[in-house]
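In the block that follows, a single chain appears as structure tokens, in the form predicted on its own.
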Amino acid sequence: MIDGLEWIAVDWGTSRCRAWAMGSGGVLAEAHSGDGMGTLARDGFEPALLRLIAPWLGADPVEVIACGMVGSRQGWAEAPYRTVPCPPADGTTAPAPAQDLRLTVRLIPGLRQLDPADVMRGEETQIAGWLAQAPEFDGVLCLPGTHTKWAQISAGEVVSFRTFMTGDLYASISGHTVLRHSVGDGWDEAAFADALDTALAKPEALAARLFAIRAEGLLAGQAPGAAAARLSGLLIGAELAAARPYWLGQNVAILGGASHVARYATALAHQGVTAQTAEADTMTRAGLAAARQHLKESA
């Protein structure tokens, strides 16, 4: 048992689960596992959580607030989407059935957009965390990752958002196409910048420029790290071209892991946009704390 434990924050995605023991002073302990939603049947979520947090528990019930794919249709229990425009967190949660009497589990719902159709689960909690520290923010949040989100924020609400499968495309192209023979470890900032500019100028030429990465390796001996940077630059450039209405002339902040944030910040800087940045885990915990506070206020 951990002294001072008040509640447990959980970020439960498709491929992993992260948990933080929270007290009045902040994080008391943390744990993570590969027991993501994609590996579990519905009756596997409670045992997977207990494997992570059992050493933290005593005899008394503990409140668990969780976000992410744990609340999807294939998750522990479904937390139905809320429709934008709406605040990213308003105290709405769904209960998850727990057999262990020490657990009281609440799941945060994702957000949906009807036209154009789009959904998010987990990112809404990061957005809530950002707004908890910057309540007057008006502009656009970029949340890069496997499925990058661009969210328009106004008056404390998510007004609209778009998802780009840029990270998924990078993984698929670099691992399952002819470019798997070209892309490797390392990085070349100049190659990234050149590919970024190319894709922004002519996004319609993306497919041709992708194959050119292979040709440049065969004919000019392009290094694997340069090929990786070029592939990333082309894909992010094409994304920025499509997302231009979101970032052009807007106040922009990027929330994510360090490497993703750095690439997107560099890409936007090439377009004259200086973005604020924040670390994803910190924003997730802040968003989970905000959701818990909403629950306490509405009790």
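Keep in mind that what you see is a predicted model, and the values were worked out from it rather than measured. Residue indices: 1-based, along the sequence shown.
In what follows, reference is made to the form predicted in complex with a further copy of the same chain, a form of this protein that is not presented.
Peer 1: Considering a further copy of the same chain in the model of the complex, find the one stretch among 198 to 206, 98 to 106, 151 to 159, 124 to 132 with heavy atoms no farther than 4.5 Å from it.
Peer 2: That would be 198 to 206.
Peer 1: Looking at Ala238, Ala267, Leu49, Ala66, which is the one with a non-hydrogen atom within 4.5 Å of a further copy of the same chain in the model of the complex?
Peer 2: Comparing distances to a further copy of the same chain in the model of the complex, the residue within 4.5 Å is Ala238.
Peer 1: Looking at a further copy of the same chain in the model of the complex, is some heavy atom of each of Phe164, Leu169 and Glu216 within 4.5 Å of it?
Peer 2: Result yes, every residue of the spot touches a further copy of the same chain.
Peer 1: Tell me, yes or no, whether Trp187 is in contact with a further copy of the same chain in the model of the complex, where a contact means a heavy atom of each within 4.5 Å.
Peer 2: Contact check for Trp187: no, nothing within 4.5 Å of a further copy of the same chain in the model of the complex.
Peer 1: Within a 4.5 Å heavy atom cut-off, is Ala94 in contact with a further copy of the same chain in the model of the complex?
Peer 2: It does not: once a further copy of the same chain is placed as it appears in the model of the complex, Ala94 has no heavy atom within 4.5 Å of it.
Peer 1: Going by a heavy atom distance of 4.5 Å, is Ser182 a contact of a further copy of the same chain in the model of the complex?
Peer 2: Judged by the heavy-atom cut-off of 4.5 Å, Ser182 is well away from a further copy of the same chain in the model of the complex.
Peer 1: Is Phe211 one of the residues lying within 4.5 Å of a further copy of the same chain in the model of the complex, judged by heavy atom distances?
Peer 2: Heavy-atom contact with a further copy of the same chain at 4.5 Å: present for Phe211.
Peer 1: Let me know which residues along 54 to 83 have a heavy atom within 4.5 Å of a further copy of the same chain in the model of the complex, or say none if there are none.
Peer 2: Counting only heavy atoms within 4.5 Å of a further copy of the same chain in the model of the complex, the single contacting residue of 54 to 83 is Tyr81.
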